[in-house]
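Shown below, as structure tokens, is a lone chain in the form predicted alone; questions about how it binds or moves come after it.
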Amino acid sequence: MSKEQISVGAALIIFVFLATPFSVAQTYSRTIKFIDANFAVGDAEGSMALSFNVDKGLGKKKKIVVGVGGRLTSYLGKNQYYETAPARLTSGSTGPQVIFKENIAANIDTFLIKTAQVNSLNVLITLGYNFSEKLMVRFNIDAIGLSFGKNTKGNYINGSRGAIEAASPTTWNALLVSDNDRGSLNSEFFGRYLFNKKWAVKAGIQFHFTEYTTDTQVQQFPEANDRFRNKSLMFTAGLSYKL
């Protein structure tokens, strides 16, 4: 989980806490299942995602929600800059303390990909709140899975030096802590509104990691590295179907 994702999750928790006294006293279903389809748009980039979500209400009124599910995300970006990924290089250490450490600029190189295309299939986890049977907010994040996509070429950049290198999407994805994360991981903070018994609209923001592994360890300082990451913040909207 990145510093930015932790900030979004914390904001949701604070939002839920502040909103609780003003919500209508009502009890909801213990378990809700949704299929979501949504699009996200950013700066010369975008994604499409299809997910299955099982949300379980907690407490007497079932307003606070935790959930699990699965998500298939397809990302496409033009002229995207991927930066050195491993936490031991970006922060000089590993472990949860990297959340509080500044990036070491001298250790971070860049890999420019003209056309990035990454597909990821991940298990996701959810935290949310039901304001009513129709209106709800959710924060979800991919936890573990795999990515796939075609091999492509990019321009490795280290100061004034550069080289053309081939790369492929990093295969295994894992949510760890900040730059300890590995692979391609999608997360969303959104609101959902049911306009009838089955269909809902949703809109919010998406924070999306994609990662490529170069065919060789093209970076050599301060140590050999072949993993490069892009962090994308995008607007997302879509439809939900209640099962």
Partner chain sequence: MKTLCSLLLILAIFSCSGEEDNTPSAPINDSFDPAEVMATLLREGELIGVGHTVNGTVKVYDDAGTTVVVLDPFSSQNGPDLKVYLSKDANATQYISLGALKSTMGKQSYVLTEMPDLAEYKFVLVWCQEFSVLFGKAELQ
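Numbering follows the first chain given and starts at 1. It should be emphasised that the depicted structure is a prediction, and the values quoted were computed from it without experimental measurement.
Form predicted in complex with its partner chain: not shown, discussed below.
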Open item on the list: By the heavy atom within 4.5 Å rule, which residue out of Ser74, Thr152, Thr171, Gln97 makes contact with its partner chain in the model of the complex?
Closed with: Ser74
Task: Proximity to its partner chain in the model of the complex, single hit among Lys134, Arg88, Lys101, Lys114 (heavy atom within 4.5 Å) - done: Lys114
Open item on the list: Please determine whether each residue of Asp36, Lys60 and Tyr129 possesses a non-hydrogen atom within 4.5 angstroms of its partner chain in the model of the complex.
Closed with: no
Open item on the list: Since only the chain is shown here, I'm wondering whether Asn79 would be in contact with its partner chain in the model of the complex (any heavy atom pair within 4.5 Å).
Closed with: yes
- [ ] Answer with yes or no whether Leu175 is in contact with its partner chain in the model of the complex, where contact means some heavy atom within 4.5 Å.
- [x] no
- [ ] Using the partner position in the model of the complex, report whether Asp181 sits within 4.5 Å of its partner chain, counting heavy atoms only.
- [x] no
Task: is_contact(Asn107, its partner chain) in the model of the complex, heavy atom dist at most 4.5 Å - done: no
Open item on the list: Within 4.5 Å, heavy atoms only, one stretch in 192-200, 208-216, 39-47, 62-70 touches its partner chain in the model of the complex. Which?
Closed with: 39-47
Task: Partner contacts in the model of the complex for 141-175 (non-hydrogen atom within 4.5 angstroms of its partner chain) - done: Phe148, Asn155, Tyr156, Ile157, Ser160, Arg161, Gly162, Ala163, Ile164
